Ligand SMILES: Cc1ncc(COP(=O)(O)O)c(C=O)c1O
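Below, in structure tokens: the form predicted on its own, a single chain.
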Amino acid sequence: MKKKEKAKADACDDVPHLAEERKELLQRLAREEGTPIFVIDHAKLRKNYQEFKKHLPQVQAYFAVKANSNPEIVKTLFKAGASFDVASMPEFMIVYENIREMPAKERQDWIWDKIIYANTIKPIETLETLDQYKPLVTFDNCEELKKIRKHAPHAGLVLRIRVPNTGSMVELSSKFGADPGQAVDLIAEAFALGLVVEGLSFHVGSQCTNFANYVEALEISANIIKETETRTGKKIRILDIGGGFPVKYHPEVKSFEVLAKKLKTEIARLFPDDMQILAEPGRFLVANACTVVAKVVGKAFRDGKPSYYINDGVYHTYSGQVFDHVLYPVLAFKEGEKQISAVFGPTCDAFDTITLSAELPELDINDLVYSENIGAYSHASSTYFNGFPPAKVVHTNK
């Protein structure tokens, strides 16, 4: 093999593909459970959590429940030792179900230490419910401070700041985060209202492949913390570095290990040893732990290419293509010469187009197809549009 060809093959090997044994399991599950099915591999969930802790042992991982709020995923990560980032009361209650058998005092301590309510804008009703649990909550403006002061005065506060999101797949800075120039004033205002600001947080954007975003965000945070302590005399000892940890959807994505080394170096350089570092991995923990299997329910020849209609689509498991800007290649279990094909979802909406350029062998009605790495921001956004239900969830390796 030529050097150039070998390098290309090695790069492709960096992206995990299904082993034959796994393919056989998926086909068997599809026969037993029907289709579409959304298959969650809990062994992979545990492995991903262990990988995060291996490379960032000093960082407390708060799973971003919004990435995939399936209760069994939360249960597996809870048992593995994860903390949780929630952004709604339903998400809070999914986590709460895992701890409700604890004695009240232990439960309260666990919530205080293991949950952050990371939505900067919260309804009054939510704040009133949260107050009894005294959790960490985020804010990024004065109006939110006033609401917290009146309706959840026992909460610990974390100020979310706006940082660069350049190169991230999903940009968040246009909607969330206080301008760094206003940060110290907001923290001082919170203390003046009798509230306690525990920490600072930021988010560099989802699926961040520009690691310079993290470096700049850490430097901004360090400067704000120093200025806050000089001006108010109050110590800030929690730093939440958010999420954005990249998943290797394709070979060009740099590995998490590379980012982790950079983060450890910068954290050691910029912050004191007693700074508690939090992170909110969501996609990183669940994306490659889930696979969808669907069935061909229709077949046609349109615009010069084979066109297949399957019983899952962008209103269901493939919703991540719309909301999360991720393309999930549609693959076949069947072998054969491949040709460029179109794949459509089952609804009566032309928007329900999964891809116009899948590389597939000739398929027949009832043949199965699948997509990998589809665990994040996918099934969680499924609807019942046109009367089609979401894919049935199936668990393996629990």
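Don't overthink the numbering: it's just position in the shown sequence, from 1. This structure is a prediction, so every number in the text was calculated from the model and none was measured.
What follows is about the form predicted in complex with this ligand, which we do not show.
Colleague: Quick one: which of 89 to 97, 302 to 310, 279 to 287, 147 to 155 gets within 4.5 Å of this ligand in the model of the complex, going by heavy atoms?
Modeller: Residues of 279 to 287 come within 4.5 Å of the partner.
Colleague: At 4.5 Å by heavy atoms, is each residue in 42, 293 and 333 next to this ligand in the model of the complex?
Modeller: Looking in the model of the complex, the three residues 42, 293 and 333 all stay beyond 4.5 Å of this ligand (heavy atoms).
Colleague: Only one of 118, 178, 190, 77 comes within 4.5 Å of this ligand in the model of the complex by heavy atoms, so just point that one out.
Modeller: By the 4.5 Å heavy-atom cutoff, the listed residue in contact is 118.
Colleague: Which pick from 165, 207, 221, 319 sits with a heavy atom within 4.5 Å of this ligand in the model of the complex?
Modeller: Contact check passes for 207.
Colleague: Determine whether any heavy atom of residue 66 comes within 4.5 Å of a heavy atom of this ligand in the model of the complex, and answer yes or no.
Modeller: Residue-level check for residue 66: yes, a contact with this ligand.
Colleague: Please tell me whether any heavy atom belonging to residue 245 falls inside 4.5 Å of a heavy atom of this ligand, as the geometry stands in the model of the complex.
Modeller: Residue 245: yes, in contact with this ligand in the model of the complex.
Colleague: If we define contact as a non-hydrogen atom of the residue within 4.5 angstroms of the partner, is residue 122 a contact of this ligand in the model of the complex?
Modeller: So residue 122 does not count as contacting this ligand.
Colleague: Does any residue in 373 to 398 get within 4.5 Å of this ligand in the model of the complex, counting heavy atoms only, and if so which ones?
Modeller: Residue within 4.5 Å: 377 only.
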